[in-house]
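The data below hold one chain only, encoded as structure tokens and taken in the form predicted on its own.
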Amino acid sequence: MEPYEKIYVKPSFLKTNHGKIGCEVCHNGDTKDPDWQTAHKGIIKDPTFPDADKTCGECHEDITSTAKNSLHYTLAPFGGVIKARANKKDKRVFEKVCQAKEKHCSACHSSCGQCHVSRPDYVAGGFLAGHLFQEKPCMDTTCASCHGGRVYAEFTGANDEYPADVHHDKEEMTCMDCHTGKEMHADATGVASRFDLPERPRCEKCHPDVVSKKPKTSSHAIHRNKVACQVCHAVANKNCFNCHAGTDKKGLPYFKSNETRMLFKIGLNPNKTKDRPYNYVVLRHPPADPRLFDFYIKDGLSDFNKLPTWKLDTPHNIQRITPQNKTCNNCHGNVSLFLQKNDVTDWEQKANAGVVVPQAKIPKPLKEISPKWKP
């Protein structure tokens, strides 16, 4: 964005309900001071973070009361992952890990303002529309700002040779069609991951036939509750490897990661629940590395093997027909689709023991394929 676009307030904003509230009510400052430099002393850039109760909550208490504990506000699952892997035996080491986490892993948090008024701080901010509040902001300037590296590119087909998600391509759906305000503002206290949030989107909400006792297709009847939807209907997703974080000479945080690869790997379900009873799920490799915080403290993630580095994923690149579901035997017996020991580096073997698919659990090729089944 041009610098003026980031800060230019449209005159039409002043005529809205939000615009009729004095700037200082939310942002502080001294409206009676004619010197702009001193008038701006104590200015609050984003008055909606970390607690929007005093601003948005004045009129939207029903939303802010839960939103301040939402996944986008707290990023709590990140903290849970780091804590699980961190060296908790040495208090000094653990404190260093927590400091590094705050500097790096908590930088992408969002807030009321960074969804409905401005772009997130992670991409240097800037008004979405001259300070006009956007009830449903454009996903290209909000969602993509933080989720652009993987999810957004997959959803919109920005990765070479891979199609856009059928919901986006055929139905012109946006992020908000599935990820509603009810989910975005939901209280996520105690939620270990986004997959455990009760308000999360579910395929069966729009496709109830798939999970019914008598699905319309034999393939859905055979695989119901055995494989996650994405195992058959997703394509390759972006996988990242070996991230290392640090601080430059100016004190600015940075990170470096190795190559990224488009891969499609099916693994064992690491955490079966009533909502996720599947034996097989799609996996994605995040840039997890035991030396992530070595810049700040050595041996900071000594319990790194507590969690898999190939993690449960729900790729946003859904297709009706995929390479693995064109025929039954495109999947059955196709060892390359399933995460094997030789797909995992030596230092990750222990961490991923629960998701690697043993040879005995790879579905065997079918000698006879039902003529009733059609892709």
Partner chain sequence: MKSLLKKKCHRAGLIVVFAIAVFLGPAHGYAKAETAEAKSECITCHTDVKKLIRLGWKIEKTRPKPGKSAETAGKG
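All figures in this text were calculated on a predicted structure; none of them were measured in a lab. Numbering follows the first chain given and starts at 1.
The next section is about a form of this same protein that is not shown, the form predicted in complex with its partner chain.
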Report task. Answer yes or no: in the predicted bound form, does its partner chain come within 4.5 Å of a heavy atom in every one of 152, 162 and 173? Result -> no
Report task. Find the only residue in 210, 197, 240, 128 having a heavy atom within 4.5 Å of its partner chain in the predicted bound form. Result -> 240
Query raised in the report: Among the candidate residues 270, 287, 215, 79, which is the single one with a non-hydrogen atom no more than 4.5 Å from its partner chain in the predicted bound form?
Result: 287
Report summary line: Answer among 84-92, 70-78, 245-253, 299-307 for heavy atoms within 4.5 Å of its partner chain in the predicted bound form: the stretch 245-253
Query raised in the report: Taking the shortest heavy atom distance, is residue 133 within 4.5 Å of its partner chain in the predicted bound form?
Result: no
Query raised in the report: Any chance residue 20 has a heavy atom within 4.5 Å of its partner chain in the predicted bound form?
Result: yes
**Report entry** 4.5 angstroms heavy atom contact with its partner chain in the predicted bound form for residue 36
**Finding:** yes
Query raised in the report: At the 4.5 Å heavy atom threshold, is residue 124 in contact with its partner chain in the predicted bound form?
Result: yes
Report summary line: Near its partner chain in the predicted bound form, with a heavy atom at 4.5 Å or closer, the residues from 57-80 are 58, 59, 60, 61, 62
